[in-house]
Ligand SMILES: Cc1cc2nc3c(=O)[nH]c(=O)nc-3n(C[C@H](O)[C@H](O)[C@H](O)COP(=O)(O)OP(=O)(O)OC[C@H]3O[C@@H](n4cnc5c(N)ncnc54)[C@H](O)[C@@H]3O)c2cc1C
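One chain comes next, on its own, written as structure tokens: the form predicted alone.
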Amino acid sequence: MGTDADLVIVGGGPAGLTLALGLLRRDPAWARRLLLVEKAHYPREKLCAGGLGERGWSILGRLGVVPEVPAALVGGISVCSALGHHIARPGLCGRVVRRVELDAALADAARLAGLRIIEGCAVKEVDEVAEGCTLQTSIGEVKAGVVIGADGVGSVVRRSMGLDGGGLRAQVLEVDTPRVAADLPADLIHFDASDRSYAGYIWDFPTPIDGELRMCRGIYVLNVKGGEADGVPSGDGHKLVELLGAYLAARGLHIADCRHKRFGERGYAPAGPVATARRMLVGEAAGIDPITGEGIAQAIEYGARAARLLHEAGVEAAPAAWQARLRGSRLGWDLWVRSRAVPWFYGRSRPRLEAAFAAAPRMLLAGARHWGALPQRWGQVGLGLAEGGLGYLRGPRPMLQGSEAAPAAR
């Protein structure tokens, strides 16, 4: 198998594989110009809660890819804040998958479409030269016209561009447990953001493991650096094991009985570069939603949009256009809003924002529909914004527990 290519993709997760699939579906001749290198071997474990909004799933469908992997279908979202508990049920809006299965299925589909994949190939350095890039890898030197960095939070390609880790970094701890009597219905994903001492939340996601429906539970703590979001509590010093352990203990579970899975995440920084003359970043290498840490659907959309640009503009011209194309896209706008909203969600305005959501069940419903790429009912959205605005102005008030979006708002 040759190790040189016009376009080398570093990283075989959803972003890199979707990019390759997007090119190959447009023109099978791309198979002669593409190479993907992946440091691990499929199926490889990827630590991730596994929540995949239907927006990402529908993008795969448009590429003719429907991964046959176990999934827990999501019909609604549950959120707890310091002001109470709210549920929105828009219908099928997402699914929870295991990345070990999803990524392997995408790799199989890409191979079937003609993609060359070299597994067990760890990239150590990437150097940009006039005629392209050279990659120093565990299997020797690889030459590329353009390199796509789809290699996640620890991106070697990103570091080769002289970029730091970013100012919106998160630490995450997750465990898998059985379901217990206190759990919500199995079609709901749950976020508990009731502790304002840190910027983040604890989650409960139903997840399929070895033919059994279990629970993936974890804690996400955002750590803001470099003045990215003033007024947000520092993530330094928070003891994730103790915080998650107390949450589990209230449900009769013991964190000491669970395998601890730790990982980091990188939030998107609107002002940060995502390309040089011969390198482009996609997926978490570029940055994902810093508020929730959602990444799978965004990685898929990154890959699909980069594939379209590469096909339209050509390999050599695409990197120069990628920054503007991303920022002007639906994905770029969505990431910009989420990044700029970090101080509102987790800073000094947090109690008032919680009051806005408490006063407007339609706002959570609109968010669930957005995650699921479901059509918005703009009249209801307008009412929700008006109700939320009043709630924000009034400020925090106690809210009834167990409330749910009214049927009329669905």
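Residues carry their position along the shown sequence, with the first being 1. In this text, all values refer to a predicted model and were calculated from it rather than measured experimentally.
The form predicted together with the named molecule is left out here; the points below concern that form.
- Although the partner is absent here, W203 sits close enough that one of its heavy atoms falls within 4.5 Å of the named molecule in the model of the complex.
- Proximity of E294 to the named molecule in the model of the complex falls within the 4.5 Å heavy atom cutoff.
- Contact annotation: A366 falls outside 4.5 Å of the named molecule in the model of the complex, judged by heavy atom distances.
- At a distance threshold of 4.5 angstroms between non-hydrogen atoms, A122 is in contact with the named molecule in the model of the complex.
- Shown alone, this chain has one stretch from 336 to 344, 309 to 317, 322 to 330, 144 to 152 that lies within 4.5 Å of the named molecule in the model of the complex by heavy atoms: 144 to 152.
- When contacts are defined as a non-hydrogen atom within 4.5 Å, none of I77, A356 and L374 contacts the named molecule in the model of the complex.
- Only one of A299, M215, A110, A275 comes within 4.5 Å of the named molecule in the model of the complex through a heavy atom, and that residue is A299.
- Of the residues A31, L47, L385, V66, just one reaches the named molecule in the model of the complex with a heavy atom at 4.5 Å or closer; this is L47.
- Contact annotation for 163 to 196: residues with any non-hydrogen atom within 4.5 angstroms of the named molecule in the model of the complex are V172, E174, listed in sequence order.
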